[in-house]
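A lone chain, given as structure tokens: the form predicted alone.
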Amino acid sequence: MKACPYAAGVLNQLHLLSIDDPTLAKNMRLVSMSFDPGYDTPQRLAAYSEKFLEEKSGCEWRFATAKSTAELESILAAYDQAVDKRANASDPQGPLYHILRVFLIDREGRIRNIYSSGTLDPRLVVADVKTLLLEEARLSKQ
């Protein structure tokens, strides 16, 4: 299984769910981060995102890349995300190897959950997002 297409597929499911859920559409934001700034230029990411974002409604979903490998390294370090180049750059699974990690980040910028390939399920993510929204509503009433 290739992690990036799998994660993109789950994020796409979340985006599609947000089309029919105004609360998710308004409060959830998705960000896909490329680990290959040399290949994944803003133009390539824009073209790639078009196949997912045909629906203009729903939550915001951004496809991001770093300006340089050095900038990417600082982002990866901040999230404790290891990314290695494969010995064979033309490997069918892609030129990079990394463990799938998807982060749930609240409005304050705090990491609230980290999903892996075994736990990345759109139903779980939606439940967690709605729990954060309930928590936020409760805190705002205090």
Partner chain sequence: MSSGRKLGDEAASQLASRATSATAARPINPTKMKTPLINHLHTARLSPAIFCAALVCTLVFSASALRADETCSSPYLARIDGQEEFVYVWTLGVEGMGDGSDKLVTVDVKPGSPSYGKVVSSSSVDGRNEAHHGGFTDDRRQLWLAGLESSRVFIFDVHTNPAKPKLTKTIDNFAETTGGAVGPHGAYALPGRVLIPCLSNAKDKGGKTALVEYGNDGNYITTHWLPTKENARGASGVEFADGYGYDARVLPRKNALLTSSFTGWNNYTMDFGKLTADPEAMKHFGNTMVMWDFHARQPKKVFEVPGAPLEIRWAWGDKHNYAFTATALTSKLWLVYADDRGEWQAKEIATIGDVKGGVLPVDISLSADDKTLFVDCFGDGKCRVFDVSDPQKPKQIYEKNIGRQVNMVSESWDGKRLYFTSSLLANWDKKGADNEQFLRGYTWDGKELKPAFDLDFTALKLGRPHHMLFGSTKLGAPRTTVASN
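Positions refer to the first chain, counted from 1. Everything numeric in this text was worked out from a predicted model, so none of it was measured.
Not pictured, yet referred to below: the form predicted together with the partner chain.
Visitor: Does I99 reach the partner chain in the predicted bound form if we count a contact as any heavy atom within 4.5 Å?
Guide: Output for I99 is yes: heavy atoms within 4.5 Å of the partner chain.
Visitor: Taking the shortest heavy atom distance, is P22 within 4.5 Å of the partner chain in the predicted bound form?
Guide: Although the partner chain is absent here, P22 would stay clear of it in the predicted bound form, with no heavy atoms inside 4.5 Å.
Visitor: Can you tell me whether A89 touches the partner chain? I mean in the predicted bound form, with a 4.5 angstroms heavy atom cut-off.
Guide: Close contact is absent here: in the predicted bound form, A89 is far from the partner chain, nothing within 4.5 Å, heavy atoms only.
Visitor: Within a 4.5 Å heavy atom cut-off, is T69 in contact with the partner chain in the predicted bound form?
Guide: Although the partner chain is absent here, T69 would stay clear of it in the predicted bound form, with no heavy atoms inside 4.5 Å.
Visitor: So which bits of 124 to 142 sit within 4.5 Å of the partner chain in the predicted bound form, heavy atoms only?
Guide: Counting only heavy atoms within 4.5 Å of the partner chain in the predicted bound form, the contacting residues of 124 to 142 are L124, V125, V126, A127, D128, V129, K130, T131, L132, L133, L134, E135.
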